[in-house]
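Let's start with one chain on its own, the form predicted on its own, as C-alpha cells.
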Amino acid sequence: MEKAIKLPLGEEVISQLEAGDRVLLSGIVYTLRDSAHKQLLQLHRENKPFPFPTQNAVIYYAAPTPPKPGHPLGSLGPTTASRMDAYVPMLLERGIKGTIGKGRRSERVRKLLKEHKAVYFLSAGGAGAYLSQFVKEAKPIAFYELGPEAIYEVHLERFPALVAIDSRGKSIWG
C-alpha cells in the first residue's frame, strides 16, 4: 500500500518514511539537470539566493519534453541521479529534503542524507510518458536559456515513487 505524501516535506513525514516504502507524492517539485546544477553551484559560491524556495523542497532530476496541446508538458522521466551526486552537499545545505531520480546513489550521498535527515525517492526509468500523467501544472522558472534543462516548477498529484534511501541512511540496496 502506498503512503500519500504532501510536499514540501516536513520533518515529521520524513521521519516516518522507510527504505522500501511506496509513496504517492503530491505538491511542488523543481526539476534539475546537469547544466542547471552548475549554475546553482555558482550562485551558492557567491552566497546568492536560489531561484526557488529550497527549505524542505524536493528536486526531481528530470527535463521535460515539449507539451502536447492541452497538457502541461510532454514526457517527464527521471534521469540517472548519481550524475548529480557532487551537487548534493550544496542542495542539502540549502534545505532541500528530497530528491527524485533513477538508479543508485553513492555511499557519500547516503551518509549525507542521514546527516541532513533527507530522503531519496526512486522513480521508474523509461516511463516518462506514463509519469507525465501525474503532472498537473508545469512552468519554467529559471535559466530559460537551457531549454528543457531550465528549472521547472512542477505540480505533482499522486506521483508514484519508492523511498530508496531514508533519513536514517537505510537503503533498498543494503
Partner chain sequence: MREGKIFVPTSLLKDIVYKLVREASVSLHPRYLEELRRRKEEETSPNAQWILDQLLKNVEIARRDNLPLCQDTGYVLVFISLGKGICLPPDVQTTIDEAVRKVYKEALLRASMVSHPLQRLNTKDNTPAVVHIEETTGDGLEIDVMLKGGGSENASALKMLSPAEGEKGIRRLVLQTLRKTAWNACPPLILGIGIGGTMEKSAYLAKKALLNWAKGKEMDDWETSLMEDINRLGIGPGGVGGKLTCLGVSIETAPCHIATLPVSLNVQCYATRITSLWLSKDEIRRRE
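Positions refer to the first chain, counted from 1. Because the structure is predicted, anything quoted here is derived from the model rather than measured.
Beyond what is shown, the protein has a form predicted in complex with the partner chain; the following relates to that form.
**Student:** Taking heavy atoms only, is P78 within 4.5 angstroms of the partner chain in the predicted bound form?
**Tutor:** Looking in the predicted bound form, residue contacts with the partner chain include P78, since a heavy atom lies within 4.5 Å.
**Student:** Quick one: is A161 in contact with the partner chain in the predicted bound form, heavy atoms, 4.5 Å cut-off?
**Tutor:** Looking in the predicted bound form, residue contacts with the partner chain include A161, since a heavy atom lies within 4.5 Å.
**Student:** Using 4.5 Å between non-hydrogen atoms, is P67 touching the partner chain in the predicted bound form?
**Tutor:** Looking in the predicted bound form, residue contacts with the partner chain include P67, since a heavy atom lies within 4.5 Å.
**Student:** Taking the shortest heavy atom distance, is G95 within 4.5 Å of the partner chain in the predicted bound form?
**Tutor:** It does not: once the partner chain is placed as it appears in the predicted bound form, G95 has no heavy atom within 4.5 Å of it.
**Student:** Just one of A129, L43, I141, I28 has a heavy atom within 4.5 Å of the partner chain in the predicted bound form. Which one?
**Tutor:** Looking at the other structure, the residue within range turns out to be A129.
**Student:** Thinking of E18, P89 and R110 as the candidate spot, does the partner chain come within 4.5 Å of a heavy atom on all of them in the predicted bound form?
**Tutor:** Negative, none of the three is within 4.5 Å.
**Student:** Could you run down 82-106 and flag each residue that has a heavy atom within 4.5 Å of the partner chain in the predicted bound form?
**Tutor:** Counting only heavy atoms within 4.5 Å of the partner chain in the predicted bound form, the contacting residues of 82-106 are S82, R83, K102, G103, R104.
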